[in-house]
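This document opens with one chain alone, in structure tokens, the form predicted on its own.
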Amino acid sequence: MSTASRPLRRTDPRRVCLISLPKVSLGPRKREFLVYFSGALFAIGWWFFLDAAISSAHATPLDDPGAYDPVPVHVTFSDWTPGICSTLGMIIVNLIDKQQLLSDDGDGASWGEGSWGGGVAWRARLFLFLGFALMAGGMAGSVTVLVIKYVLPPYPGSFGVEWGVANVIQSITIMLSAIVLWVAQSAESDYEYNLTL
């Protein structure tokens, strides 16, 4: 019996966390469930933001709804940018073939053989980094827009803060959606067909 097949003990040095998480079994359709759950998270994030954008477009002044007094702040392109970056990052991360991340085929001598690996593996890891950087940039951008555009200016009665919070919720749910979809794609398929001729 090899050491890799033995169960980890509480004092095993290979163990990272002190408390082990229980294994959750979602049944035979776990991959399908996770894909749907990821899509639901993505839709919820965009739903929050689109609700904020629509309510911003139809906003009226707080003191007199009938007066022609401009609303101090609206959802503009700066509010859309974090969500677009997070969505592009999610698409890039989940388009990468996970097997290419692990392969060190060495076919890219012109790219160099270093710690990144060669050829396809190096490019896959670069795209993975760019995808996560876009998602992190979207999250940081949404928090920045919330603070600079909605929290710091002295608007009457915390006007528009919910629009900035919707932007942050959108970025968080898109990132969670990307993680769930990554796990779903990494899960083994319940039905695998091997066709050989």
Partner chain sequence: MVQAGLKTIILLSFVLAISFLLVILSCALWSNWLPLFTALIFALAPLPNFICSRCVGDDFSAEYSSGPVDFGHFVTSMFLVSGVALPFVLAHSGVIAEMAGWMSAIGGIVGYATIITYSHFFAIQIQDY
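Fair warning: this is a prediction, and the values are worked out from it, not measured in the lab. Positions refer to the first chain, counted from 1.
What follows is about the form predicted together with the partner chain, which we do not show.
For a residue to qualify, one of its non-hydrogen atoms must sit within 4.5 Å of the partner chain in the predicted complex; all three of 35, 42 and 90 qualify. Using a 4.5 angstroms threshold between heavy atoms, residue 31 counts as touching the partner chain in the predicted complex. In the predicted complex, the partner chain sits beyond 4.5 Å of every heavy atom of residue 132. Contact annotation for residue 173: none of its heavy atoms lies within 4.5 Å of the partner chain in the predicted complex.
Taking non-hydrogen atoms only, residue 54 approaches the partner chain to within 4.5 angstroms in the predicted complex.
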